[in-house]
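Okay, so we've got a single protein chain in two different forms coming up as C-alpha cells, structure 1 first and structure 2 after it.
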Structure 1
C-alpha cells in the first residue's frame, strides 16, 4: 500500500472516530480531568484545595448558565456575540431595581424579563430582516455596551450586604442554576424543541420543507438563552455584591470557549447537547485558575485562551453528517 493511500485511510478513520457521538461527549471530560491533574501537580496540591475549588465553582456557575442557554442558539448553526453584554446590562438594571424597591422578587423578575426581552429583540431583528444572527448580535453587543456605559459612567452599583448574605445562605445560586440546567436538559433532549433546533442546524432548508418553522424555534432558542442571561446576572450580583464597568468583561469569550471545549460542534446540528456548556464552563474556569496559580499573567492567559479557541475551531471544520437522533 502506498504511503498516500495509507494516510488517506488513516485520516478517514480518525475523522469517523472523532465524529462519533460518544467520543465527542467523553473527550471534553477527559481533557478536564487531565487539566485538574496537571495543575494539581504543578501547584503542589494547592489547586485542589477546598478554597480553590470553591472559587472555580463560583466562577463556573455564571459561565455555565450563560453557556447552557447559548447551546440552544449554537445548535441552529448560529453564534450569538451579545450574550456577555446582555448579562452585564441585565445585572446593572436588576441591581438598580433592587436598590429602588428593596425587593428581591422585583430584582429577579426584572432580570428574567429583561434578559428575555433583549434576546427576543435580537431574534426578531434576525428573522424578520433575514440577517445572520452573528451580524445582528455584533450590533446588539455594541449597543448594549454603550447603554451600560451611559448608565454607569465610572460608578459602581452596590447591593446591601444583608440581602447578599440572605441569598447566599439559602444557596440561591445553586438552586437557580440547577433549576435552569434541568429545565434546559429536558427541553433540549426530551422534547420536539431540541430536536427541531438540531434539525435546523443540520439543514435549515430541509427542516423548513418538513414543516419546522425556523422563525418560531429561533425565537424559542433566544428566549431560553435570555432567561439564562437573566439568571447569570443574578448569580453575578450574589457573587460580587456590586456591578461595575469591568464586571464580567470576559464573559462572552468564556462562553464561546466553554461551548467549544465542552464538545459542541461549531456547526451545531446533530452533535449539539446541553451538557456541553457546563463541562466547558468548568474547563475554562479550571484553566483560568490553574494558570493564575502557576504564575501566568492575566494578559498571557487571554492570549492562551484565544490560541486554544482558534485551534479548536480549526480542527473542527468538518461538518458532522446525519440528522439528530431522537434521544439527543
Structure 2
C-alpha cells in the first residue's frame, strides 16, 4: 500500500519533471552525450577520434538543415512528409540549372527559389484550397518523387568536380548551413514569426482570435522549410556531385526521426525549439556510426533506431487522455 503510494507520488513528480521545459530540451542533449560516452568506451576511444567526429558532422549536415526547416512546420502541429521529396527534386533541377549555365549563383538561386516555390504550393493547397495538411503532404511526397523520376529516367545528374571542389574548399556547406541555422534560430526564437507559429501550434483558434492569421503564418513556415530544402539540396550536390533517382530516399524519415530524437514536441506549440533538428541529426549519425563501429549489422541499426525513437517519444512527451486528435 505504502509502496504503491510512493510509486504514484514518484511517478507524479517524474511526470511533472518531464513536463518541465528545461527537461524536454536537455534530455536529448544528455542522451546524445551518454551515447557518445557509451560508444567511446565500447570502441576503446576510437569513436571519439577526430576523424570519426568529422565524419559525423559531415553526415549530419543535410538532415540537420532539412529538420531545422521542418521545425517551423512541426511547431504549428503539422507534419510534412514531403520535405525529402522536395529536397531531392530541388537538387535535380538546380543541378540541371548549373549544367545549363555553368554558374554557381544560378544554381544557388534556383535551389532556394524552387524549394520555397514547391513548399508554397503545398501551403496554398492546405490553406486556400483547404485540403488537410496530412493529405497534402502525402500526395506531394508521391507526386514530387514521380516528377523527379520522370525527369531523370534512369540517369543521374552529375556536376563537374572542379565546381564541387571549389565549393568544398570555401567551406560552402558549413557556411550555408550555419547561416541558415542562425537565421532560423533568430526567426524562431527572437521574432514575432516564431512566436506566432508556436502559438498557432498551441491553439490555432485562439491564435486566430488574437489576430494571428493561420494562413499567413503557415505560408511563412512552409517557405522557411522550403528554403531549408533548397539549402539541403545544395549540400547534397556538394557532397556527392551527383543526384540520382534514389538519392536521399530516406531523408524525410531521417528528419522526423531527428526532430523527435532532438526533443521537438510532437504536438508542436510552445515547447518547440529550433535546434532540435540539429541535436537530433547528430544523434542519428552518432547512433549509426557508433553501432556500426561496435559491429552491429546495418539492418539491425534501423530497428534500434526505431526503438530508441519510440522510447524517447514516450518519455519526453505528455500522454494525452484520449487518443490523439484526427489532425495529428
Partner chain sequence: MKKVLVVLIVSLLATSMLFAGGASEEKGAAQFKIGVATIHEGETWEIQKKYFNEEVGPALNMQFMFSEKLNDANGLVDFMDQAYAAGCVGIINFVTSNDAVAQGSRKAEEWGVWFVTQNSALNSNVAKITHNLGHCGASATGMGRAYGEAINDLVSDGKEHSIFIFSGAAVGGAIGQGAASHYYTVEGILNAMKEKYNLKYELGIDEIINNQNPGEVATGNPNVKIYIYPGTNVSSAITAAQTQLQNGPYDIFAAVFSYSSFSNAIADVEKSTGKNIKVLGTVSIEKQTSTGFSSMDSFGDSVLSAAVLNPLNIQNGMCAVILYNALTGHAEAMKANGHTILFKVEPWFCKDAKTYENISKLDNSHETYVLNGEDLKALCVENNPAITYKDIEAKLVELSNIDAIIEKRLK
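Just so we're on the same page, rigid core means the largest C-alpha set that superposes within 1.5 Å between forms. Positions refer to the first chain, counted from 1. Since this is a predicted model, take the numbers as computed values, not measurements.
The form predicted in complex with the partner chain is represented by structure 2; structure 1 is the other form. Comparing the two forms between the two structures, the rotation angle of the smaller rigid part against the larger comes to 7°. Its Cα shifted by 3.0 Å between the two structures, residue 302 is reported here after superposition on the rigid core.
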